[in-house]
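Single chain ahead, by itself, as structure tokens, in the form predicted on its own.
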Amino acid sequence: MLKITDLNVAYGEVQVLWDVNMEIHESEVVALIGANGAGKSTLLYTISGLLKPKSGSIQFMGKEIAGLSADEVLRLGVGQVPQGRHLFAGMTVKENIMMGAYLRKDKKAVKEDFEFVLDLFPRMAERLNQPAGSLSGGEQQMCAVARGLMAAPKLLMVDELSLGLAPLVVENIYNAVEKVIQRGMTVLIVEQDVFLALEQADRAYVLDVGHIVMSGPADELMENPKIKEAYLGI
């Protein structure tokens, strides 16, 4: 579904990603793990068209998307739940969620998906008419995930889902994501919480200071001594 080849990304003169190679297959859950500042969010921004690569290829469903605009990438089926949520604070919860569907024309399918995300996040159903800025951090994350799902992406990229949230809230959100995965959606999970990410994923890539340094089945990486020492504190 997604094939990244020799990708290099820079902010001006400062290079952040070096020769990144990655593949994601349909209906697969892939984790991208690494320390803060490793370049994980930069990679997602580049895939989704918010950043232009210095060189390299990004193919989605066989089509080259490196250098396309963000709305073109979204139309092709790549959606992102960004780190920091980026909700429209003055708009209602419902308006924020529905913003995810702004490119979609099938009103019946949009209505069905709206009902689905409210089933996933009952707390959002209780707060539809509240300003999104009045929600707690965990509720804002639920709203951001719901908005991402409303785009009906073929590939959903979720950036730092658990960052700054209470463990119970994180568990509730990951339970919802698991239901989405069970429907066959392809998901790329980007997390500093390595244990959480590997628990959900089929395969994983380790990004360290802009380089992919390790990859493989998630359960094997969970048992890898280097991963245990560097990321799990074991």
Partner chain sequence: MSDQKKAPIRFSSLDGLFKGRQGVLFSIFLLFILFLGVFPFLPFASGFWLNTLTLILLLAAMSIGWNFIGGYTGYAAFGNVAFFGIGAYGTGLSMIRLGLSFFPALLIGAVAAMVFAILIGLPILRLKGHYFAIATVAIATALGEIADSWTSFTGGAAGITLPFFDPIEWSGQFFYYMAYLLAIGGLLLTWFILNRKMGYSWVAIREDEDAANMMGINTTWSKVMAFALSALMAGLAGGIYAYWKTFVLAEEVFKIEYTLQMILAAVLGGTGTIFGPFIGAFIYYILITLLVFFLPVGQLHATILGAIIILVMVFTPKGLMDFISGRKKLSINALLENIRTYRV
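From a predicted model like this one, the values you see are computed outputs, not experimental measurements. Residue numbers count along the first chain shown, from 1.
One more form of this protein should be noted, the form predicted in complex with its partner chain, which is absent from this view; the next part is about it.
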- Non-hydrogen atom within 4.5 Å of its partner chain in the predicted bound form for each of 60, 65 and 113: no
- Heavy atom within 4.5 Å of its partner chain in the predicted bound form - the one residue of 122, 77, 131, 164 that qualifies: 131
- Query: Does at least one non-hydrogen atom of residue 45 fall within 4.5 angstroms of its partner chain in the predicted bound form?
  - Reply: yes
- Task: Answer for residue 95 alone: is it within 4.5 Å of its partner chain in the predicted bound form, judged on heavy atom distances?
- Result: yes
- Query: Any of the heavy atoms of residue 117 lying within 4.5 Å of its partner chain in the predicted bound form?
  - Reply: no
- Task: Please check if residue 138 has a heavy atom lying within 4.5 Å of any heavy atom of its partner chain in the predicted bound form.
- Result: no
- When its partner chain is considered in the predicted bound form, the residues of 58 to 83 having a heavy atom within 4.5 Å of it are 70, 71, 74, 80, 82
